[in-house]
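Before any questions on binding or motion, here is one chain by itself as structure tokens, the form predicted on its own.
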Amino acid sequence: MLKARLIADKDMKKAAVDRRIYSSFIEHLGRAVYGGIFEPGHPEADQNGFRKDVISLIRELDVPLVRYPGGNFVSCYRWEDGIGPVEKRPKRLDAAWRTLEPNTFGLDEAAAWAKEAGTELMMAVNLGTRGLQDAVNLLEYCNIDAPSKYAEMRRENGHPDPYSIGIWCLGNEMDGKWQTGHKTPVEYARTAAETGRAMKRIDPSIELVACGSSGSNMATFPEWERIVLTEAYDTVDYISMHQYYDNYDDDTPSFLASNLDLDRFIASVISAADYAKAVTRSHKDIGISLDEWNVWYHVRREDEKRMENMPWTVAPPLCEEIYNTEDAIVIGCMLITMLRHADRVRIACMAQLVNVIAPIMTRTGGGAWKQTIYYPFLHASKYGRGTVLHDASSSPSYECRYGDAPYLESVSILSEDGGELTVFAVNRSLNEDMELSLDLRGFGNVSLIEHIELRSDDIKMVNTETEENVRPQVRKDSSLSSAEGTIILHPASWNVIRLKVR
């Protein structure tokens, strides 16, 4: 049996968790919108065509923000196509995903849906094929209460009150040559800075996210971040990060340690941001918006062929990853890494929310169900709000493609009222139990509320519409009645250890 140790103290506080770290993403891609959140005529659809069964699952996750409408899609999107009478809206070719966009769901529907789903929109503007003036027009439509052209347009469309969208993304992945309107770092830096300044003149209350590198493997990383932030530092509030992981090589030990790479990526972005802070003589810190993250590889290569062979159809099934147990464990480890960087990672959007690389799946005309990755995200959103602690852990380790990987991955969160300590812990070993010794003497008396575990005997097990094969279980054999004790973590498991602090 592996032996590991964790020490935590209530006075060793690192950072408050920003609730927006549990956000998500809906793009006009595949069946995320059409057949996902929006399906008029479905037995579960409300009067607006929003699927109530999907809304129920989203509300359970308690998602604070949903990034919209893209993604690659936004870089050739005309937001005006998605407002006004539906019967007058044009159909457009979407160059990003080679599909046909009917525009029957647009900005006004998205705002109404967000209200029903208990979330808020995080709006992206098109800096690919459009630019500053269109971004300002969109902001006026969404946020301004004045007798002006676009505010009046919103009212004429039946929406008298502004949507008051607080977070705005200045484009998407503009360093990627796959992006419509791809730019060099200097080109994008000037565009983002000037667009951001103009937007904040219209609505000074908004916060802005500048595009960072589209991944840590980009040739321009981290020079892109340095150039963009040096130009736009005083205008923007966040720099974006996007990161996906895969197991193409079926190297599960390395796959389970993917978050070690994410940790290095975040640290590098922080360094670039702090360099720009020094150069610009600024007094503020730039936050990180990890506004695309997930596991993505199961159907990625097949989707590329599908887009080539079946172009210009409405809402074809694209990026419909079917997640297994090992994917869920990787998601849990990524969440732990984000929480450990809660002092700078303030927004994070799991990409995406429904059907497209998503924790929730639907069948058009049929049911909705929870994928394996739904549960670590749910647990973190539910129990991971409060203050991240500076804890100390030790465990045996193993070599993988990311270097030396500890078998134990963990983080400790003290609840907002100080009455509960939650330890999120992963045992990366594929075949050995782990005896986790807890030293919590700094909390006084503690007792176990519950130990929740997510695992399966087959690490490739998936959930389906009719069979939920992978779901969390409350461990009945775990106990802890003092500030020192042990908890057994089973192989390849995600664990939520909830402790009452007296």
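The structure presented is a predicted model; accordingly, all values stated were derived computationally and were not measured. Throughout, we count residues from 1 along the sequence that is shown.
The form predicted in complex with alpha-L-arabinofuranose exists for this protein as well; it is not shown, and the discussion that follows is about that form.
The stretch in contact with alpha-L-arabinofuranose in the model of the complex, judged by heavy atoms within 4.5 Å, is 22 to 30, chosen from 436 to 444, 36 to 44, 22 to 30, 463 to 471. In the model of the complex, alpha-L-arabinofuranose sits beyond 4.5 Å of every heavy atom of Gly82. Contact between Tyr248 and alpha-L-arabinofuranose in the model of the complex is not found at the 4.5 Å heavy atom cutoff. Residue contact check for Asn72: one or more of its heavy atoms lie within 4.5 Å of alpha-L-arabinofuranose in the model of the complex. Contact check for Val330: no non-hydrogen atom falls within 4.5 Å of alpha-L-arabinofuranose in the model of the complex. Though alpha-L-arabinofuranose is absent from this view, in the model of the complex it lies within 4.5 Å of a heavy atom of just one residue from Tyr402, Trp369, Trp296, Tyr383, which is Trp296. Of the candidates Glu409, Glu101, Glu173, Glu225, Glu173 is the one whose heavy atoms come within 4.5 Å of alpha-L-arabinofuranose in the model of the complex; the others do not.
Contacts between 333 to 358 and alpha-L-arabinofuranose, taken as any heavy atom within 4.5 Å in the model of the complex, involve Ala351, Gln352, Ile357.
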